[in-house]
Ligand code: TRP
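First comes one chain, alone, set out as structure tokens in the form predicted on its own.
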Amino acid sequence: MNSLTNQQHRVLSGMRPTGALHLGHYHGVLKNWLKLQHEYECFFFVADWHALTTHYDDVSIMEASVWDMVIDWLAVGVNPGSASLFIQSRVPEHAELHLLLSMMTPLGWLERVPSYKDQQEKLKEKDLATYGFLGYPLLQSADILIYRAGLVPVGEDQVAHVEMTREVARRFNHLYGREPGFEEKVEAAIKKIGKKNAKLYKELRKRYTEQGDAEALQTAKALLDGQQNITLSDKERLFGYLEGSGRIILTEPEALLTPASKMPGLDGQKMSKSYQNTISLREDPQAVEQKLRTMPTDPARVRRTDPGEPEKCPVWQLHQVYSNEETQEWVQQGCRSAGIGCIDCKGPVIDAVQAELAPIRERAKQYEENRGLVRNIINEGSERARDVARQTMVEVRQAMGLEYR
């Protein structure tokens, strides 16, 4: 891809390797990936360096966790033909960009990231007074910026990270986008788009810079998007000139809000390994049934003949994920009238969860038996990712005066 337009259609997302994934991951992240991979150019990565920011003191399960997670991705239908799957540490350019960005990022930006203090509070048992933990939001920025990803799928709690990434990109472009002879190069680029388009470009820029006309800015960007006879560098200069800055080297990403996961844990809380309330994607069918059959229900239903209230029962939350309106109505009426028992109520959920997991388990088995294929998929995805990362780093080094010749 060689245009800023295409970069706006590039998606970057990653997951820390936590081992085998569960239904919370599937409904909260992976189902969204399955949709995005057919709509955008997607890069999905294993964030193994990020895992070290909180688990640097125990790396014994890192390798197994990485491969288990990749197998789960493939088993649910993430397609290496539609998206590039790679491991963060296989693309060392992430670390180089992180280092260079750390030279110009104010310390206060990192200290004010909401999750910095939140995580320290939640993980009190760990020593997180480390350089790596403080700097992980900037590593996250490097992960995004090195692919010039226009869109980053995140939940609402991660929007602040994307906003910081935008600020980092803006600061970088302000510091290093003013190349020698910038104005002369802009004028030369304007001439290349033809007299009619050049006149329109200048009029639109004037309307935006003098009147703050946002519509004029968008029209000008669309005009540049359609230009086929100028280089990527010239296009970046013209985009930067539009907004009164220098050449745009790093793309400011937009947050692509992910629908909140509606998948509850077995106890009604958020599904999480720390709560021990999960069902993993490759869990044995008998274990799945046992977990669901022994789920807690409305405490008011002590006896089979006691009426209950679905809203007070964790099983009802699962019905809201898996059951159609007819079944939900059956649950509502049957529970409140004591017409059905809790075991009866759990039946449709058990069937639905088993039906969802069966094909995932089957596909996972194929990858478990062919680890060489999994490694090849990651090797190829890592090479594709590194090709893009290398291109970005060439421009970053040039802008920072580090491309010695």
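Note that this is a predicted model, so its numbers are computed, not measured. All residue numbers refer to positions in the sequence shown, first residue = 1.
What follows is about the form predicted together with the ligand, which we do not show.
Asker: Would you kindly say which of 230, 154, 198, 104 lies with a heavy atom within 4.5 Å of the ligand in the predicted complex?
Answerer: Only one option qualifies, and that one is 154.
Asker: Tell me, which of 47, 42, 377, 360 has a heavy atom within 4.5 angstroms of the ligand in the predicted complex?
Answerer: That would be 47.
Asker: Considering the ligand in the predicted complex, find the one stretch among 276 to 284, 96 to 104, 141 to 149, 206 to 214 with heavy atoms no farther than 4.5 Å from it.
Answerer: Comparing against the ligand in the predicted complex, the contact stretch is 141 to 149.
Asker: Using a 4.5 Å heavy atom cut-off, state whether residue 16 contacts the ligand in the predicted complex.
Answerer: Although the ligand is absent here, residue 16 would touch it in the predicted complex, with heavy atoms inside 4.5 Å.
Asker: Taking the shortest heavy atom distance, is residue 73 within 4.5 Å of the ligand in the predicted complex?
Answerer: Taking the distances in the predicted complex, the answer for residue 73 is no, it never comes within 4.5 Å of the ligand.
Asker: Using a 4.5 angstroms cut-off on non-hydrogen atoms, would residue 136 count as touching the ligand in the predicted complex?
Answerer: The answer is yes: residue 136 has a heavy atom within 4.5 Å of the ligand.
Asker: Is there a heavy atom of residue 12 no more than 4.5 Å from a heavy atom of the ligand in the predicted complex?
Answerer: Residue 12 belongs to the contact set for the ligand.
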